[in-house]
Structure formats: structure tokens, C-alpha cells
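Here's a solo chain for you in C-alpha cells, the form predicted alone.
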């Protein structure tokens, strides 16, 4: 998998690590909940655990973590978990610094895909396939644990998950006699009906570019199937695959129809979301991290929240993709250090943590876990319940393209997306630019 750019990323990461080490670790604001050394017997073992959810900024996450640790220590009286907590950016910096001396904590947090590369190439993260084939077998939503694999070996266990539904305003749909689309042709009919009535069909803030990428990714999936885009990125396929060029053509047809809000390439995502919230646009494609906006955020009028519903991205007639395949991605996950002195206990802890997080995160923090959730008896807004049930039936999860790519290629992809939506390049040029960028890293 992308061995060429692995080397590039690893080399850059090592340079960055030494630079950061020279500057010293910035531990300002870190919290140390260590209890090491207290009442420990000679046989006791200590797991060092570093995470990124401080009480001040992530209170609900913080409390769940503490309760899981308390429960684990109760069940394992000879094991103590030493906790260090830092904010997001401080956490990333300290992880790099610790890696320069191969002194990672026994358990820590990581991200999928490109973030893993320097640590895996440096033999710092332990393989976790034995856990996936054991106690956690079939527990994860398909496609989530896979995002933490390199060359078919898994180095992280995901905790969070986001997918990307198509939200719509049912009141606007009803007022203009628009049916909820289940096929791409029906979506075009809905767009045309709304446009003819003077209603903005879709809110899109494509100044951020990843927002447009999600539209392209779904069309690629529905036309060419779940692997066509992944294959282009990992070089077993090509962006010049006819399905991917067809997806780019469909993007430009939507633009030509007036599907998106005026000035979309100059609007940020938050600005575009404002049009949807103010009921000035009928549809909005966005990840489930915005679910509180449509369910529990009392800053948004109740009448608006009652009008928001969602549908899965429509299928394309004759296409290879199915309606249960989602664009999305896991959030943070857990790693175990390869050189941990307590690797067996660390693996037991991450297994315990993943199971307990899956039971509590959605009810206690509104966070959708990467593990499957039994929704029977759970007290949540109906939209959460419906999406969790959809996830249990998911056939595939395609990780956000820019996350799959190296930083340099991701920039080319995102710039090309914006140019495609702006009709500044042809679908063929769109494909070639990405092919050239990927080939340069091989």
C-alpha cells in the first residue's frame, strides 16, 4: 500500500520529530492523573495511557474515560492505569517527541491512514489483529477497523465513526411537492423542481473543498462500486477509470443544473450550513458530527429541527454501488506500543475500553462509536436511532479521500475538486492531475 509515499512521509516525520525534540515537549495544560506507586504490590503492573480529552474542553468524553478506567482497575486489581491528558495539538506534538526516543505510552490515541505511517514504519505500534480475531471479532462497523490497517495488518482500534447522510428539509419538500429521492435520477428531478420554484436545492460550502469531495466520492461509489476510488488511491487502479471520470461528469451536470447555492466555491462550510439552518436551501450533505444541530441544539428553532430528515445517498441506475455503502470515516482510535513492558495487559485494556466506549459514547456524549450498537431500549433522538440502525446494515464505509491520501496528494485532490465544481477543468484533466500527483510519490 503506497510504499513510495510511506517513505516520504516517514522521512518528513522523523525530521519533524527531531526538530520537536530539540525544542522540548510542550506539556503546558497537561493533566496527570497518575496513581502509580500507591499501594502497589510487587506483582502489580502499570499501564501508561495518554489521551486527548481534558475535562475542561471534553467533559463528557473525559468522564466516560475515567469511569472505564475505574471499572477496569476494579476488575484487574493488580493493574493500575496511569493517565496523562493533553489537548489535541499538544497530544500530537508530544507523541512525536516521545517517538524519537521510542518511549511511547503503553496505550495512546491515534488516527487512521496517513497518521499511522511514520509510527508503523518505525515499528512503534503493535499489531492488533489478534484482538480483532478474538474478543472484538465482528464488533466493528465494516470499513472502520480496516482504516487502521497497513499492508493487511491492523495497528489501531477505532473509537468513533462518522458517516455522511443527505439531510433535507421536509417542510420545503412538502411545500413544493418534492419526493425524497432514492435514485440519482430522482435527485435530479427534485433539484430541477426546486430550482424552477426559485428555491436553492443544495447548500454547499466548497471553499473548504472537502465538502465537494464528499459529493464526488458518493458518485464514484454509486457508479463504480466501493473499491474504485480506493483502488485509484492505493495504485491498484487509476483515477482515469471510466467510472471515476463519469462521476466527475455528473458533478459538473449538477453544477450546470443550478443544484448548489450561488457562490458555493467562495463559501465556507459554516456559511453554507447557515443557509440550510435558515431554511434557505432544501438539502445539505454532511457528516453525522452535525446530528446535534438537527436534534438537540436549542440554538436552532424547534420548527426547523422538526423539519430536518435524512436519506441515504441515492443509487445510480446501472451503477455498481449500493445504497448501504457510506462515505465517512472513523475518528480517533487506540494503539498499543510495540515496546511496551506490559503489552499483554495493554491489549486487554484497549479491548475492554473499546467495548465499554461502544456501550456509553452515544448515550452519554452523543458520539457514534465505531462498534455496532444495539439500539433496543436506548433513549436517544429518533434520528440517532435510525442512523445507528443504518450502520448496523452498512455494506461498506469509504474513508474520506483526502484522509486516505498523503498531505501533498490530498492538496492536489482538493484543489482539483474545487476546479471541477467551478467548471475550470474537464473531468479528464481532473483525473489526470490526481494521477500525476500519485505517480510522483510512487
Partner chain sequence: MNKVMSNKAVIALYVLPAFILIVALIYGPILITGYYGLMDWNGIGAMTFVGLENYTQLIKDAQFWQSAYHSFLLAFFSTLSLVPYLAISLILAGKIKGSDLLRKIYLIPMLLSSVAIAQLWVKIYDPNNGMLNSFLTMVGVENPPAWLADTNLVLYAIFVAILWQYAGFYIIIYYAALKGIPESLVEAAKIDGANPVQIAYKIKVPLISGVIKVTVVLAIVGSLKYFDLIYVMTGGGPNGASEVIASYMYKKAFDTFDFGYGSAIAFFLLLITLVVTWITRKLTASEDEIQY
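Positions refer to the first chain, counted from 1. Take the two forms, find the largest set of C-alpha atoms that superpose within 1.5 Å, and that set is the rigid core. Since we're looking at a predicted model, the values are computed, not measured.
Missing here is the form predicted together with the partner chain; even so, the following discussion is about that form.
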| item | value |
| --- | --- |
| Position in contact with the partner chain when the complex is considered in the predicted bound form, options 243, 251, 277, 261, heavy atoms within 4.5 Å | 261 |
| Heavy atom within 4.5 Å of the partner chain in the predicted bound form - the one residue of 318, 198, 134, 266 that qualifies | 266 |
| 4.5 Å heavy atom contact, residue 84 to the partner chain in the predicted bound form | no |
| The partner chain contact in the predicted bound form: residue 408, any heavy atom under 4.5 Å | yes |
| Interface membership of residue 88, the partner chain in the predicted bound form, 4.5 Å heavy atom rule | no |
| Non-hydrogen atom contact residue 313 with the partner chain in the predicted bound form at 4.5 angstroms | no |
| Partner-proximal stretch of 284-292, 267-275, 186-194, 365-373 relative to the partner chain in the predicted bound form, 4.5 angstroms, heavy atom | 267-275 |
| Members of 78-115 lying within 4.5 angstroms of the partner chain, judged by heavy atom, in the predicted bound form | 93, 96, 99, 100 |
| Residue 269 C-alpha moves between this form and the one not shown by 2 Å or more, core aligned | no |
| Core fit, then residue 100 C-alpha moves 2 Å or more between this form and the one not shown | yes |
| C-alpha of residue 179 off by 2 Å or more between this form and the one not shown on rigid core | no |
